[in-house]
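Here you'll find one protein chain in two forms, each presented separately as structure tokens under the names structure 1 and structure 2.
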Structure 1
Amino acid sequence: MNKDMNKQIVVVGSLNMDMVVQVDRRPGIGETILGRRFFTSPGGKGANQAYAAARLGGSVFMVGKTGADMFGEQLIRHLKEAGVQTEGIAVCEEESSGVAFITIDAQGENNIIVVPGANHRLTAEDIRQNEARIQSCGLLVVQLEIPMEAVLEAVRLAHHHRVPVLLDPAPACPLPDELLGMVHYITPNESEMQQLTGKKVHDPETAFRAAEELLSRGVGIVLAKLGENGVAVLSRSERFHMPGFRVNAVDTTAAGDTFAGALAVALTEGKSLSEAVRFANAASALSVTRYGAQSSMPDRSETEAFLNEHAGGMNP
């Protein structure tokens, strides 16, 4: 597939270096214990979504900010290796790159400390410097690990230039109606749906009821992610539930980011909404069968092969 045939995806968001320690148990206050394994892994919701989209064949340009340190260099290099255009990633001399300290115990439970670092130095002016890219792209993708002023500016520019916006509302926080009114696609999970609407979501029907609230606030299409139960999709003209694929899940890290990146690729390629959701479901399902964030994300050939294998049914 020729990437140049696609409209470009612009991702505005965060970049973090994840530092992961596996332990038998978490230490108490003042206690020192031995860990079993340590590794670093590129992450951050923005970088994850850009990486996923590029792996799946999308033409991707990323806007973000790192520190002037080795983590920043590694994060940018990793995106470049996947084919992401990184000219929109600025380097901040005053802050470290964003990092996440993750401790995972023998039961798979984790504790996470995130230090946003340079991510929280991304400004509206940084976004405006990339207006030409946003103006000419086919889809803007944003999340909420960067300052709201940067999110709003990116979405306002896209709206002004009639560019559709895909918002992954994570981590969940109150969102102004001005923002929601400019969002074409929103992809909350169950807990994010509840925080956004005040309605509990645990199945497709409750997801549809909560989605009505988001439509009333101006969102174009709600894609409510229900984990292994698939996705409930509601717009003013469509309502359907797309079941998930049953797989042997070992690590759900970045499954939602894989979904967003895959959805962005499918939409910019002109796939129908149901085709795009099925494609995103497949990529997300593959990602949870592997460990890590970006390291778990499938490429285009893997995803298409998976879809061909399961062509006879949505929920094998």
Structure 2
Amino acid sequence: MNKDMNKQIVVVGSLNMDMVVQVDRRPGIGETILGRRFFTSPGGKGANQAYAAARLGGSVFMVGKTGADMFGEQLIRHLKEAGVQTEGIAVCEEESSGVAFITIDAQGENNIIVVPGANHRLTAEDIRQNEARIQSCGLLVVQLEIPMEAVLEAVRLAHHHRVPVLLDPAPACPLPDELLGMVHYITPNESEMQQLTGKKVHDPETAFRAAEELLSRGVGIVLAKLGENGVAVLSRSERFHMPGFRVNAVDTTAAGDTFAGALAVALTEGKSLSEAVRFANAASALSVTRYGAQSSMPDRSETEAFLNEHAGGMNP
């Protein structure tokens, strides 16, 4: 197997056009308020992770589905411009492209409603058509905005071909042990950890306790994202907490996707787990300083400059 091919990242997941409204506060039931600003931005957890990885220098192939419409064309074009190989993205005539309705409040926190559209037409057969790519890649990255049958098929194929799997369990849903047993890296945030384990997570200690349960269900390495409090990492041989970088956050949309894409790049480059987490923390911190999903993601040189500036300490 050629070395460059083995470094390739295959992302299987969703593509959405994000409709974003900035608000001072969210309206109550039956209330009308004025928003501050509206913009559209390419998004979708799968596409975001593919885009983040490509911007950071990864060789990325994406598998997904859009509608035969203007949004679908724009979403695919945006990925191509970042260097993502998009031949694995099928176009579906029966459904429109996925869309997401997002509000961002004055604190930079978001609410998201996703209408999956064509994303929910991604089938196990679509995944099998990309088996050769999955077989020869260095890492498979999946999330949960596509049907579970597609997620399971992708992970089964990767497992069969001894390709490691990174699962970002978002949006959270109950996961079969069969799936967890084939996952090498899992990257839940606090609420996803709680939904997966039933245990409250609010700091590194509680994250380690919940992570024990995911390890006992077969996961290889848990990377629990604790927002600005960094990441708690637990495997059968390592346990550490990597503090986050404090930045002025204006929009946290896709911070987790940036983390997953950056982590994928660092891992396929052979960085150690702690180096990879620090790199992913830096990219994710930069992304929250700007608006939008893909529009907020940093490139490689910006991320390295940020890491060099903060070389003296993890948490300036």
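Keep in mind it's a predicted model, so treat the numbers as computed, not measured. Residue numbering: sequential along structure 1, first residue numbered 1. Heads up, when I say rigid core I mean the largest set of C-alphas that superpose within 1.5 Å between the two forms.
Annotation: structure 2 represents the form predicted in complex with alpha-D-ribofuranose, while structure 1 represents the other form. Taking 2 Å as the criterion, Leu34 counts as shifted between the two structures: its C-alpha moves by at least this amount when the rigid core is aligned. Once you line up the core between the two structures, the Cα of Arg300 stays within less than 2 Å of where it was. Positional change of Phe240 between the two structures stays under 2 Å at the C-alpha, relative to the superposed core. Shown is the Cα shift of Val21 between the two structures after rigid core superposition, which amounts to 3.5 Å.
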